[in-house]
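One chain comes next, on its own, written as structure tokens: the form predicted alone.
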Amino acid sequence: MSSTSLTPTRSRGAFKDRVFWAVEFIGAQFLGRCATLASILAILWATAILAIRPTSWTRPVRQVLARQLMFTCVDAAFVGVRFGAAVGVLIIVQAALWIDALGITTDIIMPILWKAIVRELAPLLACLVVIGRSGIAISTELATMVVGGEVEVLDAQGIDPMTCLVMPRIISVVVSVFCLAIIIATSMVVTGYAIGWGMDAIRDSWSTFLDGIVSQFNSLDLLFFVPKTIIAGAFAGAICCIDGLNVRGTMTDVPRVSSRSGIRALTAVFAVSAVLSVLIYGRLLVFKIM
């Protein structure tokens, strides 16, 4: 058989190999994501079960929760205020530009900004603050304990690492994201009004401005704000704990695991926000799907 007759057969064989490799790669990635999601849901379910058992809340566990809340929520309150103030200034500047460009009034633009703050910006900023300050620190702390053998010592002493290490940290992350989102939203509204009033972009009194915001608050805002902060915070806390406990190697591998944990937690937060937006609003971008 001549070489010219073998060329099309070899090309078809190479094309099939590439197709099989692509299908195998996509399948492996899909199964890997499913396994990761299953492990996250499993650890969140275990956390919920342990949290409702009174016997889980021993004195050491309560102390771990208190310290974690102090570091993750209380110490981050001023950071949340600064974040909210900075973003509030950016929002009011953009609002002033829209008012001038479109010729609309504050009565039209303020409800849109309020919904954007409550439904999107405040929960996302709260997650960013918690992951940046505490999520990576949690992953680093747990990874250091694993490499140093402290987790094995706890297990040998009959102390459940899930109860004393993971459960209080995930709960503290959830509570902190929820509280910081409220602080950030309040800071954004107050700063936005102060800057807008100073720039003469807002001419209403504070009471009128606040009444207008309260009148725009509806049950859909609460329906979106609560699950978005709680579910996103739970996923972020679970990912940081899982990555920290699954570290393998030496102490030099801890920084690499911690940085990867922060990226994975941020990715999960944005993915959860997108999924909740689709489920609650029934839209994928501008397309109505329900």
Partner chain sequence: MEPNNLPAVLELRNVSFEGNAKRSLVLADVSLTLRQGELLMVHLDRSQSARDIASMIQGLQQPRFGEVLFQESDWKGSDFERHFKMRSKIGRVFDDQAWLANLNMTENVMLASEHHGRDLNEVRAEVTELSEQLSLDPPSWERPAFVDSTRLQMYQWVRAMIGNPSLLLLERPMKAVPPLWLPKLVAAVNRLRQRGAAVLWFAGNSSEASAELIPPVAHFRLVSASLQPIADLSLAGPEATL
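Positions refer to the first chain, counted from 1. Fair warning: this is a prediction, and the values are worked out from it, not measured in the lab.
Same protein, other form: the form predicted in complex with the partner chain, not shown, and the subject of what follows.
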Contact residue in the predicted complex, from Ile159, Ile213, Leu124, Val175 (heavy atom within 4.5 Å of the partner chain): Ile159
Note: exactly one of Arg248, Arg33, Arg53, Arg256 sits with a heavy atom within 4.5 Å of the partner chain in the predicted complex, namely Arg53
Hey, in the predicted complex, does Glu150 get a heavy atom within 4.5 angstroms of the partner chain? yes
Closest heavy atom of Val93 to the partner chain in the predicted complex, within 4.5 Å or not? no
With heavy atoms only and a cut-off of 4.5 Å, decide whether Gly27 touches the partner chain in the predicted complex. no
At 4.5 Å between heavy atoms, is Asp200 in contact with the partner chain in the predicted complex? no
Given the partner chain in the predicted complex, answer whether the residues Pro60, Glu141 and Leu154 all have a heavy atom inside 4.5 Å of it. yes
TL;DR on 141-149, 71-79, 125-133, 176-184: the one with heavy atoms within 4.5 Å of the partner chain in the predicted complex is 141-149
